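So this first bit is one chain, no partners, the form predicted alone, shown in structure tokens.
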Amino acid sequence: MRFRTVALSLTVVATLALAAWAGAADTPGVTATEVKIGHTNPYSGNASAYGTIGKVITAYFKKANEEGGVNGRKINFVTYDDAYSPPKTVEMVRKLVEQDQVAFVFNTLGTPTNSAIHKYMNQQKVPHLFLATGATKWGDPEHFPWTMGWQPTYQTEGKIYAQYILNNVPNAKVGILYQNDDYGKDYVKGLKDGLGDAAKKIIVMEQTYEATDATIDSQIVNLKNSGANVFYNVTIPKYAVQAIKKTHDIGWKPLHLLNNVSASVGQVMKPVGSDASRGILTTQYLKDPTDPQWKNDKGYQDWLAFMKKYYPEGNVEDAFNVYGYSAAQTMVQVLKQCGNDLSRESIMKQAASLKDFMLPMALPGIKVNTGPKDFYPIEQEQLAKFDGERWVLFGEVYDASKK
């Protein structure tokens, strides 16, 4: 009788395990021992400052694997260089989906690059998760149920700057420099929406650049000559460095608003020097690794220990290494919630079921929340001012989910 009971129990366990594996076997990239995840990043080209994000994600998944993986499965992370070129992104992502047979694609970087694969991913019904871009269109589950952003949207950030201008800059004259694509236009829309009817009067000039341009010097000179006393700087790191330097070199001293995606101390602020960078404003939602207030914070200490062990060549003053680390933690949480069901439908369902998930390197009070109709995981930000060495937070946390 005892033998029969044991045999029956083993049969039930085996049946359940087989059922779980049968479900997993239907999903490309999922086996009993691993889950294969795809990724593209600009390791080369004009946006290569972001390349460290792919490297730190690789390092974090290595850490997760050394600790036993997720629910017993190791993460097989396949990442390719797309050089921030949309045609290259299409090529690499098709390779990931059709040849490498990844279960899903995660944290692909860039608005123009993700725009190029947006429809394809949804037609293929492959999860296109936690994109490394704040374009507002990534939160449209009705029309694109397989795509979800991660960071606060560019329009939200633009509205925060607009609110600051209206409250703090009398007789504001705004000059705008932005990348001539969906990324740049999204930021500009947010600012204009936030300024409301005053936008036509307040905005005195708009200048654009292409992501392939060698320099933006002439645009900066034009903006200065427009009489603008507020500079809305919507640029990726390479051009942010150029813009800050040129602004300083020609003696233009506007209120300088720098988009969050170029606010890395290690990649942008330190290279241009304290004289040129002091006084610039941005927004933040993650702890800046150069801010001494986090010195004894457990989240920061754990991140620093991780960097030293798994990515020792990485720059610990580079906020992009906090970004990639935090995005990877969010992805691991989703996989944990999936349990044994790693079907693509389950992965999307769990990505849309994050409740008050707290990232160790998020600013206090900022939590990750999603729902079936809410594909905007992080919706809170706070303004910060650069003092020449670090970003100093000020004001209240702005919560877009309550606006």
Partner chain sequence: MDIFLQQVVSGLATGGIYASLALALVMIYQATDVVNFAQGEMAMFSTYLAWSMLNAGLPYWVAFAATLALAFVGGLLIERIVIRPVENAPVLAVVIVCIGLLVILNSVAGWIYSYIQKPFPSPFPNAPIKLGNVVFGAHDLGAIGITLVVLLFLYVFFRYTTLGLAMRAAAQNPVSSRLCGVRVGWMLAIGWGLAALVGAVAGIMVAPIVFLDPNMMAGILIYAFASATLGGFTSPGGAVVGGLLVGVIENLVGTYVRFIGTELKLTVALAIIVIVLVVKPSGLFGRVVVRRV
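What you see is a predicted model, and the numbers here were worked out from it, not measured in a lab. Residue numbers count along the first chain shown, from 1.
Here the subject shifts to the form predicted together with its partner chain, a form of this protein not shown in this document.
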Listed residue that, although its partner chain is not shown, lies within 4.5 Å of it in the predicted complex (heavy atoms), from 121, 172, 307, 272
272
Contact residue in the predicted complex, chosen from 101, 136, 218, 71 - any heavy atom within 4.5 Å of its partner chain
218
Does the 4.5 Å heavy atom contact test between residue 28 and its partner chain in the predicted complex come out positive?
no
Quick one: does residue 315 come within 4.5 Å of its partner chain in the predicted complex, counting heavy atoms only?
yes
When the contact criterion is heavy atoms within 4.5 Å, does residue 45 count as touching its partner chain in the predicted complex?
yes
Please tell me whether any heavy atom belonging to residue 256 falls inside 4.5 Å of a heavy atom of its partner chain, as the geometry stands in the predicted complex.
no
Each of 57, 62 and 301 having a non-hydrogen atom within 4.5 Å of its partner chain in the predicted complex: is that the case here?
no
For the chain shown here without its partner, which stretch in 151-159, 192-200, 287-295, 210-218 has non-hydrogen atoms within 4.5 angstroms of its partner chain in the predicted complex?
210-218
Going by heavy atoms, what in 102-139 lies within 4.5 angstroms of its partner chain in the predicted complex?
none
